[in-house]
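Below sits a lone chain in structure tokens, taken as the form predicted alone.
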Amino acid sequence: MFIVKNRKIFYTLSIILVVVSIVALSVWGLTLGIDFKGGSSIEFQYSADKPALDAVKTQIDTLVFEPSIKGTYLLAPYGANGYVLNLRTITEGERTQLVSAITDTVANASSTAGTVEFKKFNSVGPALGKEAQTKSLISIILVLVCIVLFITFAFRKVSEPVSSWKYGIISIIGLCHNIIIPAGVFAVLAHYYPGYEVDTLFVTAILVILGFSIHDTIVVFDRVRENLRNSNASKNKKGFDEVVGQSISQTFVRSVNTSLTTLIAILVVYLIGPVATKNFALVLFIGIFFGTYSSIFIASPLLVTVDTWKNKQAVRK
């Protein structure tokens, strides 16, 4: 009952986090990767100490492209001894010149850089990037609609005191909470540090968060449904808030342990996994953490809030 009784505290904390995230998204926005805005990306790594960032930039700026890339590209450290270069879509000839210029930094900028290895080259046209944006947005909306329909169907026999479709709406509120916060964190990180871009892996992580979070929420809701049925069948019928509080207590340890083991695995991937998966792991970690939090501290107590509000409305009539 502690969580249900003190639900306004948890609501306040979540509202603050969501508002701050929305402000960050509104002011700074998300930095789209080449998957969504189109362009080319080159990752390269030096076998020893990498040259200074300015030295590599100076070498790249000597290139004469039409249109010019000077001042329009993003060069950021990548891994221990590498850089990632993001720029407009380039031709095969321009790519050859870039590779040559970057290779020259070994000889020109540092005698301890060793050799340079080009790890990855990606190029996405603007049309494909726009298509990826549209499909990603559609996939997220479809997932949310399917979740509402599924929960409404699964809880169709629970009409009192809270209607089944309200379980679905409350779940969506929780899911929005779970994806807005990591998106806001990425908006802040991208503003202060280059490299925190939104790509298809970010969207994949958001879809995983939606699936994981709703799984956790359904477990608690299902226990509410079971305890509600048992309470209605017994002589000592419990209040709805008591039923919800009891259900949270019964599933609390299970939810925390499940999420904790998942978070440990994701943390390991983030700390020692490949550089290419770090942003993916970071989004997952933040989203699953707040997904577990919202399932326990937001979604289930909201059932009590909806029931209380409905009762107050009935008294006024």
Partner chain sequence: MIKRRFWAVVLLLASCLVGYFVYSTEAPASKFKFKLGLDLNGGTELVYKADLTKASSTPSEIKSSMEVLRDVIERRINVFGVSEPVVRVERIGFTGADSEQQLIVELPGVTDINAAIAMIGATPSLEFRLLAKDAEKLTQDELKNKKPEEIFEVTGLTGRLLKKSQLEFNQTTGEAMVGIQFNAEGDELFAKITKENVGRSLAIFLDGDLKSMPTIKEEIRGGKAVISGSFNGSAGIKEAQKLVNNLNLGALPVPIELISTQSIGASLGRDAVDASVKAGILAFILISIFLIIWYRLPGVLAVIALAIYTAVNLALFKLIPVTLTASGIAAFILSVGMAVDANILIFERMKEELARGRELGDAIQEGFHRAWTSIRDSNTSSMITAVILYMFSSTAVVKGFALVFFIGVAVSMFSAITASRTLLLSVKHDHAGRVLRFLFGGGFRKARTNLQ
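Just so it is clear, the structure is predicted and the values come from calculations on it, not from any experiment. Positions refer to the first chain, counted from 1.
One more form of this protein exists, namely the form predicted together with its partner chain; it is left out here, but the text below deals with it.
- For the options I218, I169, L228, A190, the one in contact with its partner chain in the predicted complex, meaning a heavy atom within 4.5 Å, is I218.
- Checking S47, T62, N257, S26 for any heavy atom within 4.5 Å of its partner chain in the predicted complex turns up a single hit: N257.
- Across the proposed site, E66, I102 and V198 without exception lack any heavy atom within 4.5 Å of its partner chain in the predicted complex.
- Taking the partner from elsewhere, A80 is found to have every heavy atom lying beyond 4.5 Å of its partner chain in the predicted complex.
- Residue contact with its partner chain in the predicted complex: L53 places no heavy atom within 4.5 Å of it.
- In the predicted complex, its partner chain sits beyond 4.5 Å of every heavy atom of F290.
- When its partner chain is considered in the predicted complex, G239 lies well away from it, no heavy atom lying within 4.5 Å.
- Contact annotation: its partner chain lies within 4.5 Å of heavy atoms from the stretch 140-148 in the predicted complex, the single such stretch among 69-77, 190-198, 140-148, 161-169.
- With contact defined as any non-hydrogen atom lying within 4.5 angstroms of its partner chain in the predicted complex, the contacting residues in 182-218 are T200, L201, T204, L207, V208, G211, F212, I214, H215, I218, given in sequence order.
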